[in-house]
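As a starting point, one isolated chain is supplied in C-alpha cells, in the form predicted alone.
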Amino acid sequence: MQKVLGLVGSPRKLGNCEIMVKEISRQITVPHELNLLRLADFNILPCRGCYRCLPLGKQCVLQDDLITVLRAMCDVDALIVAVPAYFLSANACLKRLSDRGLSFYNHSEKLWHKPAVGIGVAGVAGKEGFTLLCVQSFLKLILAQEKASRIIYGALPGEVFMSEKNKKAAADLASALFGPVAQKFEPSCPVCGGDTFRFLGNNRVRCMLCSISGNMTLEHGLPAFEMNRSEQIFFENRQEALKHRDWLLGMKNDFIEKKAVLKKICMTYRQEGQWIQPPEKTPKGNRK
C-alpha cells in the first residue's frame, strides 16, 4: 500500500485545489492511502537566513510547524501539490514553505526523487501569471521528481469539475504519479524540462526553473535551446544538492571571516531613514 500526501495550498475548504487533489487520488490505480495537509493551517515563519539548519543533524531554530510539514512529506511515497493563483502567482503559503528550503537538505535521503505532480488553479483562463513556474520550482526545490504539472481553470468552489477537460487533466496526473515522466511536446529546457525563459539579448536565454543560461535558435520555425551544462544545477542529482549545501556552509564561514569588514560597511547606513513600526497589540479586554 502506497502513501500519498496531498499538499493543499489554498485556505478554502473544499475549494478547487482540495477537490482536485482528491479527484487525482480517486483516479490513481495503484493501491494507496491519501493524507492531506492544508498549508494555511500551519504556522510557517519566514526564514531568517541564519544557515543554522545546514550542518548534518541540525534542525531549524525557529519554533513553528515546519518540522511537522517536513515529516509529513518524508513519510509518504508520493506527493500531490495544488495551489491557487493569487495576483498572477501561487498563493504565498507555498512560497513561505519553499523559502525554508535550506531545512530540506538534511532530509534529502527521504525527499530525493520522491514522485510528485503539481497543479495550479487559476480563476480566469490565461491569467495564471507564473503560478505554474512556482509549482514546478517548489517541486524541484524540495528535491522531488516532477512527473507532470498542469494549470487548470475554475474560480468558484467546485467549478473546476464543470469541465470534462479538467477531469481528464486529473486522470493524466493520476497516471503520471506512479508512471513515467510525462513527455513534453512544447519547446523546453533540455536540462530541467522548464518552459519559461528570460531573454537576455543576442539569442541568449536563461531558464527560469533551473537558472541555467544558454542560447536559443530556431529549428523548423520553433525555438530550440542549447544550455550551458557547466553551470551548477543543484537539484540535478542528490550529490549536487548536497554540494550546494556545502557551498552555503562555506558562505557562512566566509561571512565569519569577513564579519568585521562587512559590519563596517553596513554600519555606514545605520542612521538613514525613518522606520515605520507596527501598531502595538491591544489586550483583548481593553478593546472597545
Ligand SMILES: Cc1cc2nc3c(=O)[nH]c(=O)nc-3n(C[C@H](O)[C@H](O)[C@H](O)COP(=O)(O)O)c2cc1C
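Remember, predicted model here, so these are calculated numbers, not experimental data. One rule holds for the numbers: they count along the sequence shown, beginning at 1.
We do not show the form predicted in complex with this ligand, though everything after this point is about it.
Chemist: Report yes if all three of 4, 34 and 147 come within 4.5 Å of this ligand in the predicted complex by some heavy atom, otherwise no.
Modeler: No, the candidate spot makes no contact with this ligand.
Chemist: In the predicted complex, is there a heavy atom of this ligand that lies within 4.5 Å of any heavy atom of residue 187, even though the partner is absent here?
Modeler: Residue 187: no, not in contact with this ligand in the predicted complex.
Chemist: Does any heavy atom of residue 122 come within 4.5 Å of a heavy atom of this ligand in the predicted complex?
Modeler: It does: once this ligand is placed as it appears in the predicted complex, residue 122 has a heavy atom within 4.5 Å of it.
Chemist: Is residue 85 a contact residue for this ligand in the predicted complex, using a 4.5 Å heavy atom cut-off?
Modeler: The answer is yes: residue 85 has a heavy atom within 4.5 Å of this ligand.
Chemist: Residue 127 near this ligand in the predicted complex, any heavy atom under 4.5 Å?
Modeler: Yes, residue 127 lies within 4.5 Å of this ligand in the predicted complex.
Chemist: Within 4.5 Å of this ligand in the predicted complex, counting heavy atoms only, one of 190-198, 133-141, 147-155, 111-119 shows up; tell me which.
Modeler: Looking at the partner contacts, the answer comes out as 147-155.
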